[in-house]
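A lone chain, given as structure tokens: the form predicted alone.
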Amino acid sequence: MAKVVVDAMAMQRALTRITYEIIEHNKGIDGLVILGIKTRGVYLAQRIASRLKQLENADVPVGELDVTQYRDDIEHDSQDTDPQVTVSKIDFPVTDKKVILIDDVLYTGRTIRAAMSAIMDLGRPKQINLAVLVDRGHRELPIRADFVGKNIPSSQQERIKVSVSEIDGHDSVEIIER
């Protein structure tokens, strides 16, 4: 059984609020770059960058970060001879930049830990801030989001499903009981 807890309008409002918070926290957008964690974090990152352009009249570089090879909770085949297991699309430097890392759901913190390792392999940013659409709690690592669209307390038996129109045809956040 699924229960919609965030509809399309509420998602749009949350992303707009996050965008304003990013501008305020960084005193503008100078030196800012945005990295969306694949898959849905990328689309949220693009939406925030688009809103930043509307508000600040300047483009903020957006990249796609695939953290699969950095995960410590996924088995990796040691026989794999292809070093390009993942595909990140980042065509700008992160060194000395203010990185805004964007993901759809913050849960255990393991994806974010992996993302920070991936970023450090690209360079040394001035700072990294985390923006998430949903924070559901249940952290296993000491990771905290700087910008949160909605806190949704949930049990570990529940699943949070974020849908974005670019992939799923509609925007929503649902709690699904397992």
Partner chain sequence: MAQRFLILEDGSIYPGQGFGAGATTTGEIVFNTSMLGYQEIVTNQIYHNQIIVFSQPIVGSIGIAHDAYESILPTAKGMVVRDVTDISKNRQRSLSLDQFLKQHNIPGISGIDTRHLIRQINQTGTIKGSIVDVADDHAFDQLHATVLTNQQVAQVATPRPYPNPNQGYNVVVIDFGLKHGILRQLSKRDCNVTVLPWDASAQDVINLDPDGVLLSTGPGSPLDLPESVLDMIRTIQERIPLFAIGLGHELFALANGSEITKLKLSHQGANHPIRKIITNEIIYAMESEEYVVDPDTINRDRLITTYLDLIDGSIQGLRHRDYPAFSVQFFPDGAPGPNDSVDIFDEFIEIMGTRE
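Residue numbers count along the first chain shown, from 1. What you are looking at is a predicted structure, and each value in this text was computed from that prediction instead of being measured.
If you look for the form predicted together with the partner chain, you will not find it shown, but the lines that follow are about it.
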{"property": "In the predicted complex, the residue from Pro61, Gly31, Gly137, Gly28 that sits within 4.5 Å of the partner chain by heavy atoms", "result": "Gly28"}
{"property": "4.5 angstroms heavy atom contact with the partner chain in the predicted complex for Thr16", "result": "yes"}
{"property": "The partner chain contact at Ile23 in the predicted complex, heavy atom, 4.5 Å", "result": "yes"}
{"property": "Residue contact check: Lys38 to the partner chain in the predicted complex, 4.5 Å heavy atom", "result": "no"}
{"property": "Exercise: Arg51 in contact with the partner chain in the predicted complex, heavy atom 4.5 Å", "result": "yes"}
{"property": "Listed range touching the partner chain, judged in the predicted complex by heavy atoms within 4.5 Å, from 38-46, 107-115, 120-128, 51-59", "result": "51-59"}
